[in-house]
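Quick heads-up: it's one chain on its own, the form predicted on its own, in C-alpha cells.
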Amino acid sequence: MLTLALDIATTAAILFIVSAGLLIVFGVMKIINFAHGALITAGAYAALVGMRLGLPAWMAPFLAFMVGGLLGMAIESVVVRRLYRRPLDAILATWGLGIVLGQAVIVGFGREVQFVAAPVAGTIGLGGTDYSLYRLLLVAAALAIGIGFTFVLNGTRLGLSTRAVILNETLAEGLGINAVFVRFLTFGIGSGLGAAAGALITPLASVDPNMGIPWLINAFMLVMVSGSALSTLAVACLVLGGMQVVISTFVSPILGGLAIAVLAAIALRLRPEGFARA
C-alpha cells in the first residue's frame, strides 16, 4: 500500500509539473496553447543537448526553461498576440506551430528514441520499501512550482498586474497596466515552464519527437477541469492521477492510460465551467 500511495503522489506531482504552464497561459489569456506538447518535447531535447555538452544534469530544467521561454515569447509576439479575441483561431494556430516545432526537432535530431540520465540515481528506503529517489524529488519540484507561482501572483507587482488583467483587462489598462506586456511575459513563463517540465520528466521516459503529445492531452483535460486555479489543478492531478495509478495497477495499464481523459470528460459534463471557484 505504501508503494501505491507513493506512486499516486509522484504521478500527481508529475502531472502538476506538466500542466502548470498550460494553466498559467489559460488563466491569463483564456486560450489553450496547443504548442505546449511541442514545448515539452523541446525541453526534453534541451536536456539531451545539455547532457551531450557535458553540463551538470541539474542544469537541464533551467536550460530548458530558457529555451521554452524564448520560443514562447516568439510565438506570442508573432502569432498569438493577433488572436486574443479569436480563441478558436489561436488554438488552431498553436496546434499548427506545435506540428512545425515537431518537424524541426525531427530535422535536427532525427526520429530515433534517445535517453537522458537522471541527475540523481538509486532508491531510498521508506517503511521497508525501496522507492525511486528521483520520483520523490519531483514531488518537491511540484511543491516548489506551486509555492513559487502562488508567491508571484500574490506577492509581486507582476502578480498583481496579472490578476488585474485576468479579472478585468479593460479596467486594468485604465489603471495604467500594460496588458500586452503582461500577456507576453505570462506566455513566455508558461512556455518556459512547459519546457522545464519536459526536461524534468525526460529521465523517466524516452526522448522522441512525439513524446509531448500524450502529456499535452492529459494536461489539457486537467486544465479544463481545473478552470484557472493552481490549487484546483493540484487537487485534479491528485484525484485523476490517483485514479490512473489505481486503474493501471489493479485493472489494466491501457485503461489506466485513458483514465484521465475519460474521467475529466465526465467531470466537465457535470460542470462545464470547471471546478475552480470564482
Partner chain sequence: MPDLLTPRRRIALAALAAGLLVVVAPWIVDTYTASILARAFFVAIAALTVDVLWGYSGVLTFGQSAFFGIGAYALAMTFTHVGFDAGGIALAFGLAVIVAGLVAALVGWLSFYHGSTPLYASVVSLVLPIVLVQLIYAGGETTGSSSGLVGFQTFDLDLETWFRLAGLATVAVAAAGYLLLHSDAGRILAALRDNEARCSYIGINVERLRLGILVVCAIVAALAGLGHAALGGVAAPENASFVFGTQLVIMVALGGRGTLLGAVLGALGIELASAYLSGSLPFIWELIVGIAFVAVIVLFPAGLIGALRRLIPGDRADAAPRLQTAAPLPRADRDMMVEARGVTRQFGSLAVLNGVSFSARRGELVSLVGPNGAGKTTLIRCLADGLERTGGEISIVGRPIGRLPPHRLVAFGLGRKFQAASVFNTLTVADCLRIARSRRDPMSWFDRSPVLSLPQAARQVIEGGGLGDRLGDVAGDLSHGLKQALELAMVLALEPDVVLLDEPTAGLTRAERSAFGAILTDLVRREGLCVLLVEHDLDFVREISSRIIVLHQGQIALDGTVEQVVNAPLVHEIYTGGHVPTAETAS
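Not measured: the values here are computed from a predicted model. Residue numbers count along the first chain shown, from 1.
Absent from the display: the form predicted in complex with the partner chain. The rest refers to it.
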Given the partner chain in the predicted complex, answer whether the residues A42, L160 and R183 all have a heavy atom inside 4.5 Å of it.
no
Of L153, L136, I145, A93, which residue is found within 4.5 angstroms of the partner chain in the predicted complex when only non-hydrogen atoms are counted?
A93
State the residue from A172, L83, A118, A141 whose non-hydrogen atoms include one within 4.5 Å of the partner chain in the predicted complex.
L83
If we define contact as a non-hydrogen atom of the residue within 4.5 angstroms of the partner, is A9 a contact of the partner chain in the predicted complex?
no
If we define contact as a non-hydrogen atom of the residue within 4.5 angstroms of the partner, is I213 a contact of the partner chain in the predicted complex?
yes
Would A164 sit within 4.5 Å of the partner chain in the predicted complex, counting heavy atoms only?
no
Does D130 make contact with the partner chain in the predicted complex, using a 4.5 Å heavy atom cut-off?
no
For the chain shown here without its partner, which stretch in 118 to 126, 83 to 91, 164 to 172, 195 to 203 has non-hydrogen atoms within 4.5 angstroms of the partner chain in the predicted complex?
83 to 91
Using the arrangement in the predicted complex, list in sequence order the residues of 22 to 42 with any heavy atom within 4.5 angstroms of the partner chain.
I32, F34
